[in-house]
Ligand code: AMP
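Given next, in structure tokens, is a single chain: the form predicted alone.
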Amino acid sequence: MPNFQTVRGMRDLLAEEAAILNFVVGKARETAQLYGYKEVITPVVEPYELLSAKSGEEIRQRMFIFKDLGDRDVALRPEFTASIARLATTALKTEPKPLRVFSVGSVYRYDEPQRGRYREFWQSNFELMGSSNSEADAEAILLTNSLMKASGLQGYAFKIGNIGVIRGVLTQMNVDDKVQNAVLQRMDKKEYYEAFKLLDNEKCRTVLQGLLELKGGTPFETAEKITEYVAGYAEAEAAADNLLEILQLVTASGCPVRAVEPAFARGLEYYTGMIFEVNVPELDIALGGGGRYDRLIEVFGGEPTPAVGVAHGLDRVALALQTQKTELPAGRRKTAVVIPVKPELKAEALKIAQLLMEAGVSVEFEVMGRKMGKALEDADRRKVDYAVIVGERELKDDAVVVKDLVKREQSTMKIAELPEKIS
């Protein structure tokens, strides 16, 4: 017999894990509604050309790419932003700005599997298009704060930077975009020596090295040091001022910012401004992150459109909740098992089961043909709340026997009263 296993990097989520993930997905949808984001659903499979346009070399190398039957290069989506950018240039082109769009679902990257990192994983994705103002950047951070708080996470904190600081310095020193992207890719992995080797200009290397050493102190102290350090680099100065303003906006709303990092880089080429991540102490991977991307819509043929977005690793949020032993809020449905005493009573018993379901009770019908004792023993083992026993004698009086399996009490009850009593 073949020993079938899941494909490496893919997972089965059993009932408890699925419940936690669905809880977090629900909180993401609630957050979208609270902030006015409209949900859209995009394909899991997209043209490779679309997904690879500005995703960054590392993600391009980790895409699941294949030929469809028409010999076209397609790929499983590694993230949502490219698909949303496509929508912004087509179906959503004439929508009024700002455009707030939300998506949730599975994405795919050929990463090395490890705790909190899989090849199929779930994300919630928020995109705000049409505003270049700092309050739009702040919104991406604040809605992430709202999601983390609503999920019940403890001790989470944000790290904020602005990719425009580094890009501003490199641009003023005439470093072309391709080299800039390669430098940022390596800095994202903290491979600073390899990053600096890509730069021919000694002064350029010195300036970046100096930025790295600005860490320390409070977030505001670091932000102010960055502003002073890049004086004379016009674009970098503007980015540093923007970073300070965003920091003021989010901290005024009580958002926990742990650090401002001047040499912080994320692995996507399309970022142009503010970038951020959110972490918890128990995990060494980000639970979510995002930033500003003001040129991506143009890449796909749209009008110049400023935009900011954030993606949350919902699997990772669920893992963090499990690690912190967070109990999900109560509010589950009452559960009941309906057991006919005789096979001839199945039809009546099924009618009663349907009556309870319509009242919002989660009902399991006894389909195994077990004797009463075994059926009750099984219901008790699985922590069902009530057993509804359908017997011939009680049915003559339009009644059934109800066992409260939690309180260990039994009573005879009219069928018409069942839904109210149990639900």
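We number the residues from 1 along the sequence you see. Keep in mind it's a predicted model, so treat the numbers as computed, not measured.
The same protein has a further form, the form predicted together with the ligand, not shown here; the description that follows concerns it.
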Only one of Pro340, Gly273, Gly289, Pro262 gets a heavy atom within 4.5 Å of the ligand in the predicted bound form. Which one?
Gly289
Select from the listed residues Arg100, Arg109, Lys159, Lys225 the one whose heavy atoms reach within 4.5 Å of the ligand in the predicted bound form.
Arg109
The ligand contact at Arg117 in the predicted bound form, heavy atom, 4.5 Å:
yes
Close approach of Gln123 to the ligand in the predicted bound form, 4.5 Å, heavy atom
yes
Please run the contact check for Leu345 against the ligand in the predicted bound form: heavy atoms, 4.5 angstroms, yes or no?
no
Is there a heavy atom of Arg266 no more than 4.5 Å from a heavy atom of the ligand in the predicted bound form?
yes
Tell me, please, which stretch of 293-301, 246-254, 232-240, 306-314 lies within 4.5 angstroms of the ligand in the predicted bound form when heavy atoms are compared?
306-314
